[in-house]
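This document opens with one chain alone, in structure tokens, the form predicted on its own.
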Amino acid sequence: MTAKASEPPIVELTNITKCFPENNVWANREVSFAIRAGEIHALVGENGAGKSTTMHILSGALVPDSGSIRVRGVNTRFEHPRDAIEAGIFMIHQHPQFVRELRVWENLMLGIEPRGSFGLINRGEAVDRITELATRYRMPINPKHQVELLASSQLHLAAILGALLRDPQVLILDEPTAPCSDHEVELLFGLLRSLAAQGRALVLITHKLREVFAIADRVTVMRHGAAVAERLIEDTTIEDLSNLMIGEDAQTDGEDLPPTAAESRESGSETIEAERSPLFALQNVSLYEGHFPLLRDVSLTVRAGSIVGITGIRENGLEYLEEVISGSAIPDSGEIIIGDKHISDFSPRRFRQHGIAYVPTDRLIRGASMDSSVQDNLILLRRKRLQRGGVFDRKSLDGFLGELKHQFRITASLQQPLRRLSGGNIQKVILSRELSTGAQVVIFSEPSWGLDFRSKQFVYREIRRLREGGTAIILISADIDEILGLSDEIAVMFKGSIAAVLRGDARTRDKVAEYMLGLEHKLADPLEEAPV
């Protein structure tokens, strides 16, 4: 351990309390929390337990109703994030916010731009500073790239670079590994250990208990808005933390998946799969940026009542494939077939009209209207059907909303702005809206990002329920365990192509890893791997 319990904390929160009056939710109840220099402190708890609210208060994004904050022994009060930044405290949110049309360096240097002659921004110095920092910490970020071209995992790494440019003494990271592959997690953990060794204090908000034991020195457990326990990692176990989080025996990361697809199908089921109707197909789809191929000759068929998992390192094509199959990007060549229709009109709206539902990776920008109410987000796709003569039919509206709240366990007030919900509850709102359409094909991209294990179980059950009802499901995920646990067949991407489609006994973690990292001596022809 890099810090000693006897050393005075760099930051102390005492009896922090916060209530959101619009729905009378007590997000924090007398939370006390100490952060020590040179220590990685994990903050765990179920969705809605109050973790992010506590850190939003510490980072100046929210003001507590009561309680105190001491920084280096001095009482202080943050009215704005810039107050916390000036005190050396910086928070990287679960969904980092960037101006997507600008380049990386322009985003990271906002407010701290180096100036040259006549007060003009010194672009060269800005790029050099970011490049030097990225090289020092082995972060694969090019400051000249457009933000909109970065994979989600790269956005998190870029956000960390932006924080380090401000030299924080306390760095708060909210679910930083959610979009990362195993390799990227190791890269990130190496960075965090290096920062702790420099004497910085780090707070890691996470649901992944195995990661807590891999990286943290200390852990605080939150439940129902209160900090219920603090443990040194060496003095606790995964089972202990799980029970503290939910008050009962629980399965944990890596064990919270439903039975594997192989276990949930009877023998001989692959013959049955081949007889099911194809509801979605890609045929030799390619996508280019200039002359550079982002996707190369991607072919894939998804049948009724089956789950096709697509995995790989995200910058090897997962996000570009998501763009194409959701209708957000038009391929340069190849064809998409939905049902028996050969698609020529590409847009998310048109794809929905063809029977596609879509739960995106980017929940905050593409998946929801954060400033709108929970109700407005829930009825977004059903507004016309809930109206008569341009006015909402109150009985139909109340019935629809009540059914969704009950089925998907949505506890938030319908009038509450969506941005006030925890990440897991935002996910439930998006999920319930998409699944209420009765679509024949559902695309899930990283469905468990930011979810605690009880919420994951709920999402996984819904995915399996849809499959049993005959829905064709496309599951895009960089989480190999998630892919193995849910998929009937697994397409592994490498350098923009499908390196292999694995079925039956070939669906193993080792086999997936070999293809996604390009360790096979040649790419397998998906049609040779296992005939449809």
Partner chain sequence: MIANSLGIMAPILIAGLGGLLSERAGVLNISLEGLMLTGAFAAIVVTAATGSVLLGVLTAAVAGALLALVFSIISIDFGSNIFITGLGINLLAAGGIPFISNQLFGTKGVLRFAEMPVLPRLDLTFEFRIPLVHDLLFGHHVGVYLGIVLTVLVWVALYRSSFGLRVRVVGVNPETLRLRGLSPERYKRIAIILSGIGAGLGGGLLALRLGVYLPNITSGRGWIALVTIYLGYRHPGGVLIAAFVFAFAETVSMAAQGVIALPNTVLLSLPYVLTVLAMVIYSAVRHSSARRVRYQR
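Numbering follows the first chain given and starts at 1. Owing to the predicted nature of the structure, the values given are computational and were not obtained by experimental measurement.
Note that the form predicted together with the partner chain isn't included here; everything after this is about it.
Taking the partner from elsewhere, residue 81 is found to have a heavy atom lying within 4.5 Å of the partner chain in the model of the complex. Remark: residue 111 counts among the residues lining the partner chain in the model of the complex, judged by a heavy atom distance of 4.5 Å or less. Contact annotation for residue 348: at least one heavy atom lies within 4.5 Å of the partner chain in the model of the complex.
Using a 4.5 Å cutoff between non-hydrogen atoms, residue 289 counts as a contact of the partner chain in the model of the complex. Scanning 98, 213, 137, 189 against the partner chain in the model of the complex with a 4.5 Å heavy atom cut-off leaves one residue, 98. Contact with the partner chain in the model of the complex, judged by any heavy atom within 4.5 Å, is made by just one of 305, 278, 331, 293: 331.
Stretch-level contact check against the partner chain in the model of the complex with heavy atoms at 4.5 Å: of 127 to 135, 102 to 110, 69 to 77, 201 to 209, the positive one is 102 to 110. The partner is not shown here, but in the model of the complex the stretch 114 to 133 reaches within 4.5 angstroms of the partner chain through a heavy atom at 115, 120, 121, 123.
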